[in-house]
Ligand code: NQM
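Just the one chain here, the form predicted alone, laid out as structure tokens.
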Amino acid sequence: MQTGIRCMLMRGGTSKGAYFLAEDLPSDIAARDRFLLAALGSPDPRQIDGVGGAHPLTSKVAIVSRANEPGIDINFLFAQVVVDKPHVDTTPNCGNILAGIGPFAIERGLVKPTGNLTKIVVRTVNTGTVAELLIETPNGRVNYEGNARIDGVPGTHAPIPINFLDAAGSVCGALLPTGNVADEIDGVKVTMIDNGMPVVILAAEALGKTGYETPKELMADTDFRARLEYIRLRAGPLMKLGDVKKQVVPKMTLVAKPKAGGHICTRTFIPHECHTSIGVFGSVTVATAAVLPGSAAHPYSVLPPGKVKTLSIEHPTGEFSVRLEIGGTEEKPVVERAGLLRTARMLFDGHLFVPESVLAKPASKKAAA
């Protein structure tokens, strides 16, 4: 016998995930996580017995509910289902999966369309981050077709502008959790920063790399990866994250001078796989570091003038544009607002099945919905 739970598979940005209503999932955390592991097929490198795509970017979950606080429409709990380990991590944000929350909320009837454009304010439960999404809804239906293109996704789709309202320090408690724009770990200058995603930024050349290598080339260098992980584990406690050995944060980003007309070049580890592009919150955080004098990213950045800057963050498969509104002074700039453009598409809607035995195991602590 099997148990089926309503599920919508969606592409959000350059990621793909299973979207659920919170009310449809078990309220017990342990039972919920067992279901998610079985549903996506973890732990297994191929996720052959589930709907996961055998990669961190396609092994993600959105758990969605109506919000009950003024000014917020939707609560969104993000879950990263680890591919090859029996672990579900709800520590980080995911801006790509966030892009699908607006369409999902409308498709499920949580939000009613308001004319040709519907604004939805979403709180990411993991970190408290609030974002404003604009969804095209002509004739009261979500539009998925359009001319917006993002690197890492074939074709064009309807644009989903996203404005982050309070991302700074969302996970670590402060934009610069150590209080410093730069620190040193294992003889390497690093910037530990959180503008929506905890990221450790360091120069590629500091670890003997150009920063232009392919993900495959970087993944093949086991000595390099071991040193990168050593730095990550040292950074965890300094960023107020504790022991991060089993966490997917902080991400690690190598930076180099741009070489394709952008403003900075990146190679990001999430945290053990080299990203084929760069995550939404990761790109916002790197862009923020780029404008901070003294950071590990600043010397490798070619910054446009003005208080409002659109930074093109180069990555292995293209670029990611981030719009920053800068206040403060030239010596001490402050990022007052960050925004970007994503797209999303509904792929299928139905029921996702797991063996009944998965949910029949003894329950433990209750979920904090």
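Residue positions are given as counts along the sequence shown, with the first one as 1. Bear in mind that the values here come from a model prediction, so they are computed numbers and not experimental data.
Absent from the display: the form predicted together with this ligand. The rest refers to it.
Any chance V200, S295 and H298 all have a heavy atom within 4.5 Å of this ligand in the predicted bound form?
Zero of three within 4.5 Å in the predicted bound form.
Quick one: does V81 come within 4.5 Å of this ligand in the predicted bound form, counting heavy atoms only?
Residue-level check for V81: no, no contact with this ligand.
Contact between C94 and this ligand in the predicted bound form at 4.5 Å, heavy atoms?
Close contact exists here: in the predicted bound form, C94 approaches this ligand to within 4.5 Å, heavy atoms only.
F76: heavy atom within 4.5 Å of this ligand in the predicted bound form?
F76: no, not in contact with this ligand in the predicted bound form.
Contact of L57 with this ligand in the predicted bound form (heavy atom, 4.5 Å)
Close contact exists here: in the predicted bound form, L57 approaches this ligand to within 4.5 Å, heavy atoms only.
Have a look at I193, I278, V255, A287 for me and say which one sits with a heavy atom within 4.5 Å of this ligand in the predicted bound form.
Contact residue from the list: I278.
The single option of K251, H263, R123, R267 touching this ligand in the predicted bound form, heavy atom within 4.5 Å
The residue from K251, H263, R123, R267 that makes the contact is K251.
Going by heavy atoms within 4.5 Å, which of 323-331, 57-65, 34-42, 304-312 lines up against this ligand in the predicted bound form?
Of the options given, it is 57-65.
Heavy atoms within 4.5 Å of this ligand in the predicted bound form is the criterion; list the residues of 1-34 that meet it.
If the 4.5 Å heavy-atom criterion is applied to this ligand in the predicted bound form, 1-34 yields T14, S15.
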